[in-house]
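Let's start with one chain on its own, the form predicted on its own, as structure tokens.
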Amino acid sequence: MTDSKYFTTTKKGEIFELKAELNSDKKEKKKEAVKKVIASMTVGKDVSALFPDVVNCMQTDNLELKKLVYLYLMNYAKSQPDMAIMAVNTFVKDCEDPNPLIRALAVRTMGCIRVDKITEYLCEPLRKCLKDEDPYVRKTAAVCVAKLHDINAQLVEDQGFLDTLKDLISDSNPMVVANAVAALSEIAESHPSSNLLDLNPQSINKLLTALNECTEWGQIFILDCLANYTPKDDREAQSICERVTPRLSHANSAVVLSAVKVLMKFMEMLSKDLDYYGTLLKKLAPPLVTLLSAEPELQYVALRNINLIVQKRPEILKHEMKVFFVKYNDPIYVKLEKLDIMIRLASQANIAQVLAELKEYATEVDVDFVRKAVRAIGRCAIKVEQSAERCVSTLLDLIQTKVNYVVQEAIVVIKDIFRKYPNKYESVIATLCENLDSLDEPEARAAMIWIVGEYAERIDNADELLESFLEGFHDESTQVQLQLLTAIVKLFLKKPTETQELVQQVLSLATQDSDNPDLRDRGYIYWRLLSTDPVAAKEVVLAEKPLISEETDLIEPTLLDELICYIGTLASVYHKPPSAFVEGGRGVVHKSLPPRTASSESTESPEMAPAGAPPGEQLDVIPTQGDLLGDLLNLDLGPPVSGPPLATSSVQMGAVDLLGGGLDSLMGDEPEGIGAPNFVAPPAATVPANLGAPMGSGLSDLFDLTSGVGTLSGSYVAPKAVWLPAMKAKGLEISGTFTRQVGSISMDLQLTNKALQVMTDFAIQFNRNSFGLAPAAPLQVHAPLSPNQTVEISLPLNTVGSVMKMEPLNNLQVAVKNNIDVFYFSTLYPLHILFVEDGKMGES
């Protein structure tokens, strides 16, 4: 009879009976009783009352019985800590048992009993087991150290267990090495500041030797540890890659992905000119393809990882397009992922077979998959220019099927194709307009409205088409309403005489009858533009649009580099860094790829290069004055204005006050230009009074010492302006201003991290400038700058730097370095920071 019989009894008085059986003299009866206790515990019954009786059964030579008792002990020790101390003597005794299995069992159970009271009693047995003659006991003790560290880190450090673990990396047995590495990695993750895994070429060599003889999980531990090592040069990186490559043919997919992670990381350090680099690319493809023959769940994990690899190095799988073709019995999540990778690998060489495949997918029955397939055709047109015509004809064929959701997706992607290739495929607009009535999804309706508005001059009945959408304006989604408003304004600017009534109607609906602030604001802006300066309105609304990029869904480069370091983990499946889904951030270490050691050109000018860097050619990376959006300080250098300072500030753009006030005076005159009607001004929005500093006439106020009481202790401080936007500096945004207080000049900086990784190692340098401005101290950012964190720093300046006349005179070129890159920007400093406060001039 099987052990299932232990789970069937549910009679009263069972605990009392078990107590009697546990205290029986017969060994068999004891074993049966312990099995019944474990069965009751497994199904959720509370058998903690039998704790002392079960612990008494520990004193036995029977290995099976001892395992069962230890299992019970692990489960109930936390709820009965005082009773658990009774078991300590047995642990100590079992750790000296001649049988290595019992010694290992005792040390394993010790690590699983998470009770503070008894941890100190377990240090001596653990120390002996770490130096045990049997490797099975040593490898079990290595893992026990990590568990003990989790309970009481200070105790483990005081007892010297961490040093013993480090010694085990040199052990003769590969499994002991693997477990020691796993334990140290686990401890290092929870304490990132401690340098436990101090890897060097000698220890790396030992790990690589152990790698060939480990079990599969041991190999994963070692490969993950290797991935955290940064080789000193490309020769060492190549040597490690050569010894890791055989792991690619392992049967276990986790080992394969861990090996791929190591190789992807170390390839960064190899020059692309090396023969070995090409060989490595060829070797990486077959194991990745093999992963796709596993069951669907493993395929999905492999595909998510392949998606990252293809974004980083598409050349690895560029000849393997066919393995990503969808099979009829693939689950939907595998199909969608394969489709994504197909588009990433699409090129001029394989586009014909990709399009044939996608057209086939668009006739499937699965709606989500068909939608994605139609979008994929559009993405291929945008990515491979030579295939655009073929893609458009394929989409037209699909529109002719009259399948509602296919038609709607096709219209959405054709809009993107028009954006990418303007004035090339507009002949298809007539076909699109035929399907106007069948559109019921917001995205498709918005795309069609955009097409009608954009090409209104080519569509005879554009006003009728847009008017048909206007009938149910309030029932439309915000996306459609915004698009309709813009399209009708475009139509009016192209055909002003025919559409005055229509544009008045839509502006009224958007501004007066809508609760949506975005729609209302856009309506007001268009209304004021049209009512004051139709020529400017034409320039704004009908401005030439930038072409859309090929790949809009690529992962940001810094995030991609971090995710490559997490191949084979959850982060690579979610496509998010661990800090985004690990609560509390404990144990999360931000990783990045090693820098390329291959010869690369210097991007720094001689003056901007950090100390010790070789001087190279000066590159024009700092924007010229023409690129700056006017004088950031916006000082008014006109003549002084008599009378009291203004209490309010009016926001101006050219001669028009967009937020009301000045609008009324403009309404009387007929605007010149394109025969625009006399618009009724929309209700003027009120501007709150600026209660801060009163605005005078710029520099005349800066030196107006009579308005204050006594003497001026500090000069005017301009508000902080954004000097370096985040999109130009991989997520780092720098705002700042210049101040002069009591004879000292300083640059007040505000650093904001808008990236997904931590920023450290900040430094700053100025280029030579007209007045020799230079930092008087290093840039001090005392703690790492976490994502979404902002820090304010005041950098003292002096005027003892190198001098070179700049154009304009107060132009300052700055370089800021952090752990990600070096970034450059240019700004203008106000000349008054150079003037002394007392205003006296020297006699000479």
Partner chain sequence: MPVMRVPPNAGAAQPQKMIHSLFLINCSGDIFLEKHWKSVVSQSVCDYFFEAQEKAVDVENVPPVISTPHHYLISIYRDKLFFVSVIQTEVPPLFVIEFLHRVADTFQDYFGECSEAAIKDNVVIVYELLEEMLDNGFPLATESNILKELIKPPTILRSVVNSITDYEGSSNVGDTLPTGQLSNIPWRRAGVKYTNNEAYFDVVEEIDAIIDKSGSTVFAEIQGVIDACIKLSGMPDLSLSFMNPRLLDDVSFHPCIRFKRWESERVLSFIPPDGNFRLISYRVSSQNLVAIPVYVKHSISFKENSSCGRFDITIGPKQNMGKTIEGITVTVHMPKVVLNMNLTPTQGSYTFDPVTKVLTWDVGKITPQKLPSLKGLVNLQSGAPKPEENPSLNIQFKIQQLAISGLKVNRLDMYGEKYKPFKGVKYVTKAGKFQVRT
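Each form is matched to the other, and the largest set of C-alpha atoms that superpose within 1.5 Å is called the rigid core. Positions refer to the first chain, counted from 1. This one's a predicted model, so the numbers in the text were calculated from it and none came from an experiment.
This next part talks about the form predicted in complex with the partner chain, which is not shown.
Not displayed here, the partner chain is kept clear of K805 by more than 4.5 Å at the level of heavy atoms in the predicted bound form. Of the heavy atoms in Y121, none are within 4.5 Å of the partner chain in the predicted bound form. Proximity of K147 to the partner chain in the predicted bound form: non-hydrogen atoms within 4.5 Å are present. In the predicted bound form, the partner chain sits within 4.5 Å of a heavy atom of A251.
Relative to the partner chain in the predicted bound form, residues L101, R114 and E360 are all within 4.5 Å by at least one heavy atom.
Only one of 203-211, 759-767, 540-548, 569-577 lies within 4.5 Å of the partner chain in the predicted bound form by heavy atoms, and it is 569-577. The single contact residue among A726, L298, V535, L196, judged by any heavy atom lying within 4.5 Å of the partner chain in the predicted bound form, is L298. The contact with the partner chain in the predicted bound form, taken as any heavy atom within 4.5 Å, belongs to S190 out of S170, S508, Q348, S190. Within 4.5 angstroms of the partner chain in the predicted bound form, the stretch 38-56 places a non-hydrogen atom from each of I38, A39, M41, T42, V43, G44, taken in sequence order. Core-aligned CA deviation for P81 between this form and the one not shown: 2 Å or greater.
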